[in-house]
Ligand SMILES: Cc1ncc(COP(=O)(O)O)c(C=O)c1O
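Given next, in structure tokens, is a single chain: the form predicted alone.
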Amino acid sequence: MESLYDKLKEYSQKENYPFHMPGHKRNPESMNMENCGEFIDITEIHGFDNLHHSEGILRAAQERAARLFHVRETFYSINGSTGALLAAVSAAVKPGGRILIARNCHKAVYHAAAIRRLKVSYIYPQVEKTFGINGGISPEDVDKILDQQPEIEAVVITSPTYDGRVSHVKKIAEIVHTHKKVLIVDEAHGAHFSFSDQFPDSAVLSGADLVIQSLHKTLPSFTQTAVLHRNSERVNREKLQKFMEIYQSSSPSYLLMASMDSCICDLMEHGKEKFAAYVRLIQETRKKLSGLKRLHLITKTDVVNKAAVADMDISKFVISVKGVSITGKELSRLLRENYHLEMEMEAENYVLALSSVGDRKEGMDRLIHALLEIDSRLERKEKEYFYEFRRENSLMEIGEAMESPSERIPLLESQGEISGEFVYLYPPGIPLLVPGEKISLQFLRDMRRYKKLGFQLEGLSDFKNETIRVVKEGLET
């Protein structure tokens, strides 16, 4: 019988290189920790403080993080960005209140709305049609919606997006605050922004009230580690603390917290030189990949100042397959099987190679070689596709739909019904369909296309993706 530990150990000994999270990239030199195992896996014993009532070493660790990121206060989240997002939304909006959510937010934001029975309004990202990747959130759209719906208590946006697009956060913050509302920014993929001027400005410097960052995504820290930054007095500190305790284990892992503090301490001491070398490596890699003839490495010139995009994260290598004979999924398979390079995400029309300060030149050189070699063998083929969020008709609030009586019917026969479940592709975990939304013909066409291309839908309780739960009251006769 093969155990999970045995399988992990076997995989670690292969030559597979990770262009995916966690940010330490399985590179021992990127982490300032030794004996990462049973010898330091403890519980709340004397001298080691308590995360939920921190007065000693854990309080000092979180204060260190706040100083590093230049915020008022930082909370550790050992339940990743998910726990921090749940806490942020819960603390910022009263039960049953109204919230404005960017439709490309992570599923955790929707779960928070369901748990708190919030009334949800949506704002949609702008559409960049050239490469089929969604852009940013328009500040003017935010202003318009807040004018029309003054009962909204908080706004949640994702910046950067999974693909590295950054919205005009400073302008959005000014608008939100003019309306006397709270701005929450899911900056899970931007924890590294503060460490080089070659990266976009962090939301903590752009006026956001609450900012969530995943340390494990782009910094050398273990999976499931994140921070929640309180950057203003607009959200009550005690409420935030209470909800962080509710959404996290009462026995947080000291191994995870140690990796977070080790990451913070190392960045304080060596961050400047490490990030200088990392940025040089990114720039050298991008320069060499500019030689692609058929594949295309998306650059700032392609996206900035278009579709409400203020900036782009150069650490994310988004390789477009527009105009060539393969899909993003097929390119990802070639990189995995022929070159032992594992991508962070595969989409219909691109792949995403996620880099971090933990990367090595050897890995980047392998990526360059693989892409240039694949590129030389490809044929041109014009294809038309791009995805934008379908503006599904929301007929019920999320929590109401999830709690309503429902029944299971074939997915492909569900047009016109009210969904009782989420549907999303993971990664990135952005819902394509939300409970309470009317299931449209276009949504079903998209699902058929995704299944044909080999993508696995998630969120449905039927793992075979053949049926969906729909609200009984919404059934058409």
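Because the structure is predicted, anything quoted here is derived from the model rather than measured. When you see a residue number, it is the position in the sequence shown, counting from 1.
There is another form of this protein, the form predicted together with the named molecule, and it is not shown here; the text below is about that form.
The listed set V166, A353, L85, V155 contains one residue whose heavy atoms approach the named molecule in the predicted complex to within 4.5 Å, identified as L85. Checking T285, T327, T74, N79 against the named molecule in the predicted complex, a heavy atom within 4.5 Å turns up for just one residue: N79. Proximity of F48 to the named molecule in the predicted complex: non-hydrogen atoms within 4.5 Å are absent; the residue sits far from the partner. Not displayed here, the named molecule is kept clear of F193 by more than 4.5 Å at the level of heavy atoms in the predicted complex. In the predicted complex, S214 approaches the named molecule with a heavy atom inside 4.5 Å.
Put simply, A188 is close to the named molecule in the predicted complex: some heavy atom of it is within 4.5 Å. With the named molecule omitted here, the record of contacts in the predicted complex names 425-433 of 425-433, 40-48, 448-456, 58-66, defined by a heavy atom within 4.5 Å. Contacts with the named molecule in the predicted complex, taken as any heavy atom within 4.5 Å, map within 103-119 to H106 alone.
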